[in-house]
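Coming up are structure 1 and structure 2: the same protein chain in two forms, each one given alone as structure tokens.
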Structure 1
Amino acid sequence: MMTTTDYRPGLEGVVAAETRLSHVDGQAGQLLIAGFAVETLAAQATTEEVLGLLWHDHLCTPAELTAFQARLAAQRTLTPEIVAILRMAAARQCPPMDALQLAVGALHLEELHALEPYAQALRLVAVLPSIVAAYWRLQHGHEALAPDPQLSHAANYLWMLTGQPPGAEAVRALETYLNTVVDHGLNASTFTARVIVSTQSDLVSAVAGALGALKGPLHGGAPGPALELVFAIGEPSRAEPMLRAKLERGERLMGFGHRIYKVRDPRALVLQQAAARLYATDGDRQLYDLATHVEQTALALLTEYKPGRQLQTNVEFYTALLLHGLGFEPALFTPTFAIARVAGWTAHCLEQLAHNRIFRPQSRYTGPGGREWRPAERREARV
């Protein structure tokens, strides 16, 4: 039994919330999203269906879905003030995650915090893709595009990024990705959002804080290096010697191993299948084949060099391959992750507010006691 003096670094093993939104079983390699296995849900549902499931706890009927899609699409447009902020950030070549956090904070200019939480959540989920797409275009010397209310959430993001009507396979691939990573237990960014909203702060502040947590490379920033590994290898014959050399030097193989999963990350399987479909119709099939060869080689070598560690493929490996197949550059990977995860963040915020208790964990003091106060003139110089 834990006592108030127990110390768990990183809150490891501490249950801080109850949720109906997702369940992660790392030993079994299982992820449930609102009761559905991620393998079942991600590849079949639209992004709007998953969002409705998280927020309303049921799958929308056709009529409900049509109305929900319309409400979401109506909230996509950026105000001139946010576009101006994005222009300033682009002129300074701010990283996309920093620009995204700036623009989300600027939603306070709309007095969004004055709305009820559900309306705040709707605006946040709808506008994040518009912010990321607009900033990406401005950063690369193009004008931002207006959203298309006739397009789905995923299709509109692709349209606003490229200015080209997206193909069905690309939309399905992106929807599968967004659904796969929509929520994942009480991870760092989700916990941050729940802590902030538990103070009865607004959802804009909660999402801005979650973005700050997601920006850290230990949480949302690793898919790029996983793809770089595949590109560096270049051809199947180079996989074993290059990976073996990295392991001999004590380097980590990006895209393998997870703090929670002790078997293959179930999200990796979903995204591998989505990538296979995408690359079969619209991509470099040789790159996909190389990536799967690198994966199998890496798994064999990890078993050899790190027996018993159970280092399996994680979500980052096939995230990188899938998003690359959609034409995304690595700098877009984490912002696109945020576009997916904001649905989960807002769902957690709504859940937290419904049964709120402010988070107030304890800390263990490790400093000295009984220090004597001395006026400045009596203090000795420290060596």
Structure 2
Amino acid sequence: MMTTTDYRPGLEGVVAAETRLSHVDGQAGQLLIAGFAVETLAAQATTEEVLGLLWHDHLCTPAELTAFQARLAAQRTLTPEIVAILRMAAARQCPPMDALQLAVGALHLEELHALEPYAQALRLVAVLPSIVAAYWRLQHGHEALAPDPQLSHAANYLWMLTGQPPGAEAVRALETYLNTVVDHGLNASTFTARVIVSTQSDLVSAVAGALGALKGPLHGGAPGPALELVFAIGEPSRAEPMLRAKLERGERLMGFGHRIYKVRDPRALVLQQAAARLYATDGDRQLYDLATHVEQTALALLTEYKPGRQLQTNVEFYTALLLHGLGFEPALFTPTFAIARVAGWTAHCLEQLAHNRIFRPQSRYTGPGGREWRPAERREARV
């Protein structure tokens, strides 16, 4: 049994849940999603197939998949209340992650929390792309578009963002991204969601909390800065001096390092390959080549400046490149991550509720004891 003296900052190495949803092997650089290697699943499955796998623990048959897709598509429409909230947020130029969190909280107006957990999960996963796309359009002076129930989850998101029928290649690239980052063990946002439902709170609250955890730059907020860095570097010869200067100033290089992975994050390779396909046909090949040069330079400098730390490329570096190749602005990167990860969050919530025990760790007290109480008039000024 652990005692309060076994304090592990950041809960590093502590096993706090059992899950069938994903397994991260940080030494071998392997990720299993519900039993499948991420390399197998990500580039082949549709988003709906992966979602069905996480929620139902098996691959859907074609008939199950058709029914599941229809159920999900039926939940995409935004209520006028949510559109009104998004309009207010757009008028104040709220960052998209904050607008998304506001809109998710507003699902309480639909009394979503009163439905059974699976129905809450369905609505949450279906509606997140609608919220993000509607907000993006409102923020940029366009009206929000209605979802198209004939389109897949990923295709509909692209449609609602742009108002253009998406090409098959773009849909495939987006699905590969969404599948790659759908779930990843007990990361900070997933842990947040599990803690919230463990109190028998609802999934709306869990997802609102998880969004708050995701947006920080040490978690899901890194890809925007990672791409900005590549753009700021601009050409290969500037990579070494600029990255060195950052490390000399004690700054972190976004898109590198991971609590669990001590070798290259396997998701980085999946996304790099997807980006290479996209940039080969449709994008700016020079940017792709610059990014790979920046990656190699950063890795060499991290070995020099942080020897023994085993800092490798994480998922966010190639997320940035892939989503940029799809035409996404950096401000959309983290909300799009949320659109993927909400599938994992909700699956974890359902799993937690099936075998629930409230999370209640201990803290180690480091303050004084036996302080003397004095009435206010007898307290001395502190110097």
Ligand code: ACO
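Basically, rigid core = biggest C-alpha set you can superpose within 1.5 Å across the two forms. Please read all numbers here as calculations on a predicted model, not as lab measurements. Sequence positions of structure 1, starting at 1, serve as the residue numbers.
Remark: the form predicted together with the ligand is the source of structure 2; structure 1 originates elsewhere. When the rigid core is held fixed, the Cα atom of residue 145 travels less than 2 angstroms between the two structures.
In the core-superposed comparison between the two structures, the C-alpha atom of residue 111 has shifted by less than 2 angstroms. The two forms, fitted on the rigid core, differ between the two structures by less than 2 Å at the CA of residue 84. Core-aligned Cα shift between the two structures at residue 306: this is 4.3 Å.
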